[in-house]
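A lone chain, given as structure tokens: the form predicted on its own.
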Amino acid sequence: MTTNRPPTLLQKMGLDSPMALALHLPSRYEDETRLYKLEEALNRGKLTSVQTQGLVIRSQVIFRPRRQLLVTIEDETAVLQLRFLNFYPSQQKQMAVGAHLRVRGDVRDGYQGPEMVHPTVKAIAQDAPLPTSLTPVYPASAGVSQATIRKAVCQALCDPVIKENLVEFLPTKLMEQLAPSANWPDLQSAITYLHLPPADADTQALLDRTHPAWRRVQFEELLAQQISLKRAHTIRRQRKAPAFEVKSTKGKLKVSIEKGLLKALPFTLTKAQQRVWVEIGDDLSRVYPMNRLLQGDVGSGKTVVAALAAARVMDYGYQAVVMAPTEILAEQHFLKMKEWFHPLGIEVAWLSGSLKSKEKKLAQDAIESGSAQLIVGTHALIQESVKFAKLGLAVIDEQHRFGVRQRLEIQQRIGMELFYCHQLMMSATPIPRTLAMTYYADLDVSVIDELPPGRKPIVTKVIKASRRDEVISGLQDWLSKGLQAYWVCPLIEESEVLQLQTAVDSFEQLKLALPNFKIGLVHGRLKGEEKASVMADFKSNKIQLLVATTVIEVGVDVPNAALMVIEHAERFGYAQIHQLRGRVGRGSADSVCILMYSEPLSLAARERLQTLREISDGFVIAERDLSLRGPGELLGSKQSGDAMLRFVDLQRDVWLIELAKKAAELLLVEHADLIERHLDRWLGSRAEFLKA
């Protein structure tokens, strides 16, 4: 009879197989191959971690100023004290008088002379041999010791399964052709080396992950990713999708929705908008599904391009859906689409989680019957209860906010039995080139790199929170001119951990300081109707100052609001501030964004605020964001629970990405029989995520 045993701590870390353990590579190393006499260790240990050993001559527990264990060791050259603030009885027994200890740590000057606080300790024989390789230090979770991981990894590396899984099967000629002077080891040698590097290894290259052993592992991982993406691209082109060419106005079709929309727009498309619309229109005319990412900085006019794509699809009697990650953003799209399409006789349906049951049922019926030609909403659109009559296009705004699992669900949810619908993803967070090369290799990318005429540059100022009264005084002058403003805070209500000025507090204080003006408050915990009411009043200038959390980060368009104050700006990231700043500068007035910060500032926060003050280019800011946060958060892949690339630095390793792309192309053409083996080795079930 089998029993369902609870997972071990290693299994909870995902280390549930010999291969997983083999690929759990060290984050750093400790040099336990060198041993210094105590006298020498006392000098060297003040500069770096050092290893020494000695005989325990004193071991005692003291209680002042707090309970702690003091152990004194000596050799023929000097004496050293070890201090432990947290310890177990077993450790006390291990370090009893007469024991011989090998210890590693930093030396500092204590009250009673040189000491090590919480060093690494091993009880050994006096003549115990030193290890011949560096000691790996692994990423670990709470409760899992380094000793446990080292033992499990060592066992895994000896497992016959590993030798079979890590067998060299990439053609030698391919490796020589791609990197003739790289001198990389084979994969099994590389992984073994990284777990147990010799004492004379180049530790800096190991830490920087530029050592040839690291390069081999990074190349293999990138190769798996590139193969998966290129294959997904090929598979997509084999699927069938309805083709939507420019519809002629002759014959049965009396009025073209697309042409009617273009004619009704109160502005002319910029050259950049015209260019990307040609690219998207060309995709829509193909017999395989479009999978395009439309990038454009805040306010560049992506929504109207998406509306034209929807119009093209509706001209053929198909439905189009526009989905956004937040209700505020989705509602902005709904109001804009309604304004453009209602005069053309198009029914625009609205579907969100906050709708009452009766309203939701009416919307779902309209979608299923096909009477709703254009549908706008939130995640509610991918629920099983929503059935489309004839879906031709899905537009997903701020697609990175959905996470990989959700984007996969969207793709699977909107597919039809015989046809797949076209998909247009939009993002106001520019994707850095290196990110596009790796994670978006299956996407065609269009960029609107031009702002509409009349958009004025936004002046960004960085001001200390101690000058808050001056800021409020300036705000009063601003509002007196008939202009509106935003005041953004990072929290809704007081937190014991982060004692920050909150939206609720700021709202109350600003009401007292500015009694002649109407002030509104909007945050994520308000009900949908309340939020909508406040936003409508702000848009119509019934509210002059809007106090808000980051719910206004995307989608809010109020041309008369030309000033934004961001409190505790040091708590926000690059992309958040750039998005928030994009809410102003949409009208004819000169626009200002004030980044108000509290001291002390960390070096990273200081650099971030300085960069945002000087730079308005979204792509430059995105590159800085990538270097700070890594790809997971920018892509939304962290929400899936699976990091797609574990060993590669996208900014440092651009040349390696290019190499992997070439190798993937060659393998797909000349060695198709090796593809599955390589993907299974590196991705397993995770390969699906790369298709999102």
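If you're wondering where the values come from, they're calculated on a predicted model, not measured in any experiment. Residue numbers here begin at 1 and follow the sequence given.
The same protein also has a form predicted in complex with a small molecule, omitted here; what follows describes it.
Student: Checking a candidate spot here: are T268, K302 and P453 all in contact with the small molecule in the predicted complex (at least one heavy atom each within 4.5 Å)?
Tutor: Every listed residue reaches the small molecule in the predicted complex, so yes.
Student: So in the predicted complex, is the small molecule close enough to K531 to count as touching (4.5 Å, heavy atoms)?
Tutor: No, K531 is distant from the partner.
Student: Answer for Q576 alone: is it within 4.5 Å of the small molecule in the predicted complex, judged on heavy atom distances?
Tutor: Outside the cut-off, so no.
Student: Is the gap between D297 and the small molecule in the predicted complex 4.5 Å or less for some heavy atom pair?
Tutor: Yes - in the predicted complex, heavy atoms of D297 and the small molecule come within 4.5 Å of each other.
Student: Does Q273 reach the small molecule in the predicted complex if we count a contact as any heavy atom within 4.5 Å?
Tutor: Within the cut-off, so yes.
Student: Using a 4.5 Å heavy atom cut-off, which residue among D590, D557, E368, E607 comes into contact with the small molecule in the predicted complex?
Tutor: Of the listed residues, the single hit is D557.
Student: Find the only residue in R586, R104, H211, R231 having a heavy atom within 4.5 Å of the small molecule in the predicted complex.
Tutor: If I apply the 4.5 Å criterion carefully, the residue I get is R586.
Student: Which is the contacting stretch out of 115-123, 607-615, 309-317, 260-268, given heavy atoms within 4.5 Å of the small molecule in the predicted complex?
Tutor: Result of the contact check: 260-268.
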